[in-house]
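Have a look below at one chain only, the form predicted alone, in structure tokens format.
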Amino acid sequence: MTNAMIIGGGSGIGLALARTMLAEGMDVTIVGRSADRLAAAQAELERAAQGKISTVPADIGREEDVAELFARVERVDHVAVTAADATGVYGRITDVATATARAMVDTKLLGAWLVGKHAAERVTGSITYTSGINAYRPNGSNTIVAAANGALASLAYGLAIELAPVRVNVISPGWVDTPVWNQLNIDKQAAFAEMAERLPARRIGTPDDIAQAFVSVMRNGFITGTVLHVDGGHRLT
């Protein structure tokens, strides 16, 4: 039995979550599309882990991968989905390729649905998805991302009823300093400084901030069908 499976655990928020859970002695399986990235993450995590770390390469946009992933696991306490691919999805709707938009939806929304479908008989505690501030504060250059993230809330509401007593929730981060920003053609540090001035929290989020939110939702047996906003007050600005 695995304490936690983190899909998208090879970098960013997922990697921080794996590190947090392993430090507490949990057994963690991290899942991702890149075998090289998983190997690097495992090598890093093993240096300080108290629990056992294992890796499985899989693409949650492919049903056969998701089915095989959960067929390998007899029982898992918690599943967290942090997988995302922002390549090519930012820009005006007329400039984003339809194939790119479909790939985003396949991973972010249908991939999340496939996890719910194939984890249903395996997970005993909770499933937690990752949404984002753009679902609530779109800016005109992230429309397909906003749509996919917004739909995750409705997916979680439905699954919280259908999979009960397994709990299903969504963590919605604000701006967080993760490698995904390196895929965007912007001055990251200037953008972060400007956003930090606007936020009530007066800073950009860290992967550890979001990891702590995941753990709190996983541990609280009375939270289900909920979107937890961890955004430094971004929705208020």
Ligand SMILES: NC(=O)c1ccc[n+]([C@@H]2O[C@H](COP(=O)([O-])OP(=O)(O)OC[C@H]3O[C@@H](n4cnc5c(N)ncnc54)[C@H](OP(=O)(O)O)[C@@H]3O)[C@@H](O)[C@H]2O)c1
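From 1 onward, residues are counted along the sequence shown. Keep in mind the model is a prediction, meaning the values are calculated, not measured.
Although it is not shown, the form predicted in complex with this ligand is what the next lines describe.
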Identify which of Ala112, Ile144, Ala84, Ala156 has a heavy atom within 4.5 Å of this ligand in the predicted complex; exactly one of them does.
Ala84
4.5 angstroms heavy atom contact with this ligand in the predicted complex for Trp175
yes
Using 4.5 Å between non-hydrogen atoms, is Glu63 touching this ligand in the predicted complex?
no
Just to confirm, Gly116 within 4.5 Å of this ligand in the predicted complex by heavy atoms?
no
I'd like to check something about Ser126: if you look in the predicted complex, is any of its heavy atoms closer than or equal to 4.5 Å to a heavy atom of this ligand?
no
Tell me, please, which stretch of 101 to 109, 71 to 79, 116 to 124, 156 to 164 lies within 4.5 angstroms of this ligand in the predicted complex when heavy atoms are compared?
101 to 109
Give, in sequence order, every residue of 123 to 154 that has a heavy atom within 4.5 Å of this ligand in the predicted complex, or say none if there are no such residues.
Thr130, Ser131, Gly132, Ile133
